[in-house]
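Here we start with a single chain on its own, the form predicted alone, put down as structure tokens.
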């Protein structure tokens, strides 16, 4: 398949990342089928995706009038003529397997399947896609602030498909970085999660306060936000889920202790910026004050 042949994209999952990927595809002139099993989630996701289009058009220097159509649907059969698939559903291998098995029977044979998974490896679900040679991970970050995307094939991915996925990323204004082999957390996330784990360990061991851990990072690295502020932006529920998942998978006692330390925030609904409170209160978190790093 040539890059020019990709004209219609299926986005599976209308959450935050599905919205962003769908919007950036539309901004670059592709028609987008935005699919979700939940009608309520789809309604909200589609509205946010539409709002993102003019914002991303400005960021990417595109004419919003040339954007492709966004077709929200709960009907999987709308995918019968798509050329490219991007999946962004919760990090549950069995759920992803079920979804790809379903859409393999609906999408045309030419369609390329990709997953935006943040913690799984494509080889873990490749066989269930029904087209493992046409399947790879294409992992996006926040498309409003960075254009870096990870392209991670598995051993069974066709080299031609890997090239096409990279070309597709460039077509929608992204900068593909290619992994030579599968790696949990890709490139940036692998480094980033180690930073968050270090911050959580310092806090769990009562080495320093949340504020002083952030203050240390911000003061030395000259960043506007520290690791705990970043966790508030990501969502403490997401950080907890990933911390617990990898702690169990690697039998990491410190990781489990870190997950337990996060648990009261999750059960208490203090998930970060999206709920108005996490490690800090929003809007106007403490770390945003000019005096924060000085500790005054």
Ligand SMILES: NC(=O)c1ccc[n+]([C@@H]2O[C@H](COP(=O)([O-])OP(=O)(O)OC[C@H]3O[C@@H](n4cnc5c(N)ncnc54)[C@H](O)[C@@H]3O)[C@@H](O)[C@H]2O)c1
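Everything numeric in this text was worked out from a predicted model, so none of it was measured. Positions refer to the first chain, counted from 1.
Just so you know, the form predicted together with the ligand exists too; it's not on screen, but the next bit is about it.
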_Taking 4.5 angstroms as the heavy atom distance cut-off, pick the stretch from 139 to 147, 215 to 223, 165 to 173, 78 to 86 that is near the ligand in the predicted complex._
139 to 147
*Would you check, heavy atoms only and a 4.5 Å threshold, whether residue 93 touches the ligand in the predicted complex?*
no
*Are any of the heavy atoms in residue 285 no more than 4.5 Å from a heavy atom of the ligand in the predicted complex?*
no
_Partner proximity in the predicted complex: residue 47 to the ligand, non-hydrogen atom cutoff 4.5 Å_ = no
*Is the gap between residue 126 and the ligand in the predicted complex 4.5 Å or less for some heavy atom pair?*
no
*Quick one: which residues from 263 to 277 get a non-hydrogen atom within 4.5 Å of the ligand in the predicted complex?*
none
